[in-house]
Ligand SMILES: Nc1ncnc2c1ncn2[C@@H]1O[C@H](COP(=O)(O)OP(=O)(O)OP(=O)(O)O)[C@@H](O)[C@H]1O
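The chain below stands alone, shown as structure tokens; this is the form predicted on its own.
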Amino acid sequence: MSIPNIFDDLLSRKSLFKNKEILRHDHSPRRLPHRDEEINKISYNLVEALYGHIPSNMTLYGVTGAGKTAVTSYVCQHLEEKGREKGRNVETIMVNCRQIDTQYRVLTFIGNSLLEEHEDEEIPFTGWPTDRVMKELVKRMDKRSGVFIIVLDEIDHLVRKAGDDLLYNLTNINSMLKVSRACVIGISNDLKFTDFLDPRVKSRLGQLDILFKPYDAQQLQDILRQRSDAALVEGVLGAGVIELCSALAAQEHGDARCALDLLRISTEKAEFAGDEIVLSHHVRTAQHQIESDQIAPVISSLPTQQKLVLASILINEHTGLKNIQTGEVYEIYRQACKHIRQSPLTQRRISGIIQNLDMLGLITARTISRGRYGRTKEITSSIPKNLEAIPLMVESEEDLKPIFEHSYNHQSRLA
């Protein structure tokens, strides 16, 4: 008697999805609702490539999930299609600067994207001088003869880590090209990242700036309805599900990625439970999972001193304090260090750690003026109530357990 395959039951289930991939971030729909203005501005600039001219360099700004990358991919896809139709070589090279985050690696990635099979040598992952990689890149562009659109996604991450040498080289590349042309599109979640740039680089890169405003709840509903029509079986969404997903994502700065994740994971939750309809409680469960999946690894991987500061904030909140001030955090932090026999950092250093925790989204630190008494920060935790941050820190750093046992002695599971 043959043993049944464990996947037989799963494959025989009736799925709530027609095509799950349509609800993922990297899916490129044929229409992008509520981004006509941005599409028109980018298209008006890039049409120059179809005449063989150099489009202006651009910087696209906006919060995460505002459609910057999706719109850029959409416009460039149409641009390449029209280029083939008109016999013009227009090529787009998209680089994710969070994954490819040094000048050498970016130039290598672009150069190897232009590799002619059986003709060119692949640029090695390391070992060549940067100027040799740059010369090889220019040679390959001229060899292909066309207009190249270089898209640097999450460019702010690269600039913070590696400086602006790459941008200086790429925005100067047309002076090195003989028959080809190139423009650079930088995509950033940070409106102030150009403050880190040399004035010459800032001037060259910022020839055209476009701001993507966050989606509101109604716009997110339109996006989800368009995607769900193609992605889900008709009739599986209960009343109010799209509205709830949109409202929750609108609270997160109008993040379309968050809205899509909520709808997809909600449907997965319903399907796994054997339910035929996706309801609001599936959305709430999905929301908790997403929050935990995003924040839990960040908390677990914090350095010891950052965990101590975060714990001090949570302990203050546990005792009923709200809008905690830096001095109150420092006092608990100092006691915690004494409890585990660690030397405390200075209050100035702790202020820097608080700023970093704010940047990670674990807390909110708002600077307020106290008149002649100077300025201070009011600090509140941003960790979802359903996520148990204290056990996460204890699990990843056993030495901290005495602090939490002492301060949370009513929670028997930590005793």
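Everything quoted here is computed from the prediction, not taken from an experiment. Just count from 1 along the sequence shown to find any residue number.
Below: the form predicted together with the named molecule, not depicted.
Under a 4.5 angstroms non-hydrogen atom cutoff, the named molecule in the model of the complex has residue 223 among its neighbouring residues. For the chain shown alone, residue 380 is not a contact residue for the named molecule in the model of the complex, no non-hydrogen atom being within 4.5 angstroms. Mapping the unseen interface onto this chain, residue 69 counts among the residues with a heavy atom inside 4.5 Å of the named molecule in the model of the complex.
Though the partner is left out of this view, residue 65 does reach within 4.5 Å of the named molecule in the model of the complex, counting heavy atoms only. Of the residues 110, 308, 260, 205, just one reaches the named molecule in the model of the complex with a heavy atom at 4.5 Å or closer; this is 260. Proximity to the named molecule in the model of the complex, defined as a heavy atom within 4.5 Å, holds among 53, 349, 27, 366 only for 27. Exactly one of the stretches 312-320, 235-243, 252-260, 269-277 approaches the named molecule in the model of the complex with heavy atoms within 4.5 Å, and it is 252-260. Applying a 4.5 Å heavy atom cutoff to the named molecule in the model of the complex picks out 189 as the lone residue from 176-213.
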